[in-house]
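Listed next as C-alpha cells is one chain, alone, in the form predicted on its own.
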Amino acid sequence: MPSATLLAQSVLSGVFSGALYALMGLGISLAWGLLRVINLAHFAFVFLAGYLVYQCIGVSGWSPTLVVLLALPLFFVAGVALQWLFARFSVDEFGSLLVTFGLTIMIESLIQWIWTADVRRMETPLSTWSVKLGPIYVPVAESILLLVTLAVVVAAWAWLRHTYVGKALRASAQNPVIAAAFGVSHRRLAFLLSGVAAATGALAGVFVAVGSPISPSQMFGSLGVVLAAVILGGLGNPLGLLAASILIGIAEALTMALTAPSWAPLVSFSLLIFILVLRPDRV
C-alpha cells in the first residue's frame, strides 16, 4: 500500500493534470456545445502552439510574454479562418469531425517535417522550480497552470452567463431561427467563438511546452482523455468540464499510484462509457 505522502502527491499531480485537460478541452467543449462543430483540429492547434513556444522561447530565446501575446491573436485568426471554411462549404456536425481529423493529420505531418518526431523539451528555470509544503512538493509551473485554468474557465462561464454575446450564443445554439428573429447573427458569433476557442488552445499549448517533453504522437494520446472530460462535463459547460477534468486527473493519478501506469487510460474511458450508457443525451 502506498504511503500517505505518495497518495497526497498523486492527488496533487492529478489536480494539475486535470487543469491541463480542462484548458485543452475548453475550446472543443464550447464549439461542440454551442456551434455543433466537433473540432478535432483543436488538439493540433494545442501542439502546434506548443512547438512554436518551444522554438521561440527554448531555441531562439524570445521573451515568454512576447510569445504569448503573439500566439493568442495568431491562433484566434486561425480559428476564425477554420470556421469560415465550415460556413463556406456548409459542413455539418459529422462532416466537421471528418474534416478536422484530416486537418489534424496534416498538422501532425507538418510538425514532424519541421521538428521531426523526436521528443523535444524546453529547458526553463520555471519548469524545475517547486515549493515544499511539509512532505509535499508543489511545482511552480503547474501551480501557475492551475491558476490560469481557473481564471479562464470562470471567465468563460461568466462570459456565457452574464454578457449579451454569451446569452446570444446560448440562444442561437438552442433555437437559431428564433434567435435570428431577434437580431442575433449566428455567423458573426460563430466566428468570434471559434477564434476564442482556438486562442484557449494556444494558451494550453504554452503549458504543454513548459510542463513536459513534447512529441507529435502525444497529440493523439491526449485526444481520448480530453474528449472524455468534455463529454462528462457537459458540452458547452466550462465549470462542468473543469470538474470532470480534475476528477479524471485524480482518478488516473491514484490508479498509477495504486496499480500501474498502464491502467490509467482505462479510468477516463470507463467513466465515459458509464455516463453514456446512463445518459446518452449528453452528446
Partner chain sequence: MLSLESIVAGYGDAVALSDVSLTIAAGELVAVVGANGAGKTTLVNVIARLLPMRAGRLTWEGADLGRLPPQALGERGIALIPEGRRLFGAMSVEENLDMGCYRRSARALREEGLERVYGMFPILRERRGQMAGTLSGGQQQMVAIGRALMARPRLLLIDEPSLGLAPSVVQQVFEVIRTVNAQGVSMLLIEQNVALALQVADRGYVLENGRIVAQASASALLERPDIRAAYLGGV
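Positions refer to the first chain, counted from 1. Since the model is a prediction, treat every value here as computed from it, not as a measurement.
Below, we turn to the form predicted in complex with its partner chain, even though it does not appear here.
A single residue from the set A141, V152, A179, A190 has any heavy atom within 4.5 angstroms of its partner chain in the model of the complex; that residue is A179. In the model of the complex, at least one heavy atom of G183 sits within 4.5 Å of a heavy atom of its partner chain. Remark: A78 does not count among the residues lining its partner chain in the model of the complex, judged by a heavy atom distance of 4.5 Å or less. In the model of the complex, A171 approaches its partner chain with a heavy atom inside 4.5 Å. From the list 67 to 75, 161 to 169, 144 to 152, 199 to 207, the contact stretch for its partner chain in the model of the complex under a 4.5 Å heavy atom rule is 161 to 169.
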